[in-house]
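One chain comes next, on its own, written out as C-alpha cells in the form predicted on its own.
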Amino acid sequence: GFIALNCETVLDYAASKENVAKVLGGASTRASWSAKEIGDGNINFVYIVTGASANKSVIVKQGLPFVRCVGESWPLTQERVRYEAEALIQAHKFCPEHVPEVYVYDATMATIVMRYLEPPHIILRGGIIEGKVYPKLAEHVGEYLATTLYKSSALAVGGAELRRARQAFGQNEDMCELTEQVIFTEPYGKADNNHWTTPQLDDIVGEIQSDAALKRAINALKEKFMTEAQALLHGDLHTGSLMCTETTTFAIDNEFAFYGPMGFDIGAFLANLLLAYFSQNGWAKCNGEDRGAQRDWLLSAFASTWGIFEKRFLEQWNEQGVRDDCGGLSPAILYGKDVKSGASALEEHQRTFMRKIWADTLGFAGAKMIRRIIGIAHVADLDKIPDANVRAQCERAALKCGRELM
C-alpha cells in the first residue's frame, strides 16, 4: 500500500528498485547513500537520493493525497502522478535533449524516479532572480514546445490516433479543475484564496474584478482550455518548471499535463518571462544593481521563443508533408502537389493556424500574469522584492500588461 516517504525510508525504497539501485552504485552500497528533500513547489515532495559517490544520484518525486502548500484540508488525487509520469515519458521520447529520463513509475506509492539534473543545473526562476542570463533558453524552449506540441497533435498523428491517445491518457480532471479555479475564475472575483500587495494594489484589483470585458475574455480562454484538446501539454510550463545551465535546458514537473490548446503552454512560459521582466526594476532599486542587460535579454527571449517555436513547428509540418488519407489536418486531397494551387493553399492554411496559436498564446499569457499577482500562487520574482511599495509598482505594470494581452 501507499506510505509517505521521508529522508530515511526513501533510501530503502530506492534500493528496492533494481534499475534505480544500479544507477546509485548497486544495492550493496546502500549504507553510504543519503537523501535530501528539496521540493519547493505547491504540490509534491521531491528527494535527491545520492548513491555511493556524488555523481550517482536520482530524483524521487512523491505525490501525497493533498495540496502540499495547503495541507490535508485540500485533497488532491494521486492519479496526477500517473499523468505526470506518462507525460514525461512521452515528452522524453519526442524531445530527449530537453526532458529527463524516467527510470520508474510506481502507481501504488505515487512515485516517479527519474534522472537527477546535476549541478550546475538550477531552477530557472532562481537564476533569473539572481540576475543570470541564459543565452540558449529561447532556442531550447522554442524547440521543446514545437516538438512536443507538433508530435502529439492531429497534424502529426491524425484524428484517429489523437482520439485514441487522448482516451488512453485520460483527462487529468482534478488538475484541470484546479487550473480552472485558480487561473480562470478566482482572480476575477472575491475568493478566499486571493491575495495581493495591499493596500497598494487595491484599486487596480478592484478594476480587474469589475471589468465586464475582462470577464468575457477570461471565460473565452477558459472555454478554450476546457474544449480544445489540440496536443499533449506540459500544463504548467513556467520558470519554476525548467532546470537550466548556460548550455542546457530541461522541462520537469508535468503533473498538470493534459490534452489542451497549444497556446496555453506557450503563453505560460512567455508570461513568466514577462513577470521576470517587470520584476527587474524592483530588484535594481532594492539591491542597487544595474539590471538593464537582463531586462533586454528577457524581452529578447520572449520574442525569440515564439520565433523559434513557429519556425521549428512549421519545419516539422513541412518535413512530414501532406497526408495521403483524410485523417490529418493537411490531407493530400486538399493540399497535394497534384491539386491546383495546393501549395499556396497549404501556406495560407499554415499562416492561419499559426496566427490562431499566437492569439491564444497572448491571451493565456495575460491570464497567467494576472493570476500570479492576485491569485493563490505568486511568483518569487515579484513576491520576494522586499520593499512593498517598489514591489507594487512592478506588479501594477505587470497587471496592466496582462490585462492588455487578454
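If you're wondering where the values come from, they're calculated on a predicted model, not measured in any experiment. Just count from 1 along the sequence shown to find any residue number.
One more form of this protein exists, namely the form predicted in complex with another copy of the chain; it is left out here, but the text below deals with it.
Exactly one stretch in 186-194, 116-124, 280-288, 142-150 has heavy atoms within 4.5 Å of another copy of the chain in the predicted bound form; which is it? In short, 186-194.
Can you pick out, from T108, S73, T198, Q167, the residue that has a heavy atom within 4.5 Å of another copy of the chain in the predicted bound form? Only one option qualifies, and that one is Q167.
Note which of T249, Q90, Q230, T305 lies within 4.5 Å of another copy of the chain in the predicted bound form, where distance is taken over heavy atoms; exactly one does. If I apply the 4.5 Å criterion carefully, the residue I get is Q230.
Should I129 be classed as touching another copy of the chain in the predicted bound form when contacts are defined as heavy atoms within 4.5 Å? I129: no, not in contact with another copy of the chain in the predicted bound form.
Would W297 count as touching another copy of the chain in the predicted bound form under a 4.5 Å heavy atom rule? The answer is no: W297 has no heavy atom within 4.5 Å of another copy of the chain.
Could you confirm whether W358 comes within 4.5 Å of another copy of the chain in the predicted bound form, counting heavy atoms only? No, W358 is distant from the partner.
Wondering, does H349 line up within 4.5 Å of another copy of the chain in the predicted bound form on heavy atoms? Yes, H349 sits close enough to another copy of the chain in the predicted bound form that at least one of its heavy atoms falls within 4.5 Å.
Could you pull out the residues of 331-348 that have any heavy atom within 4.5 Å of another copy of the chain in the predicted bound form? Contacts from 331-348: P331, I333, L334, Y335, V339, A345, E348.
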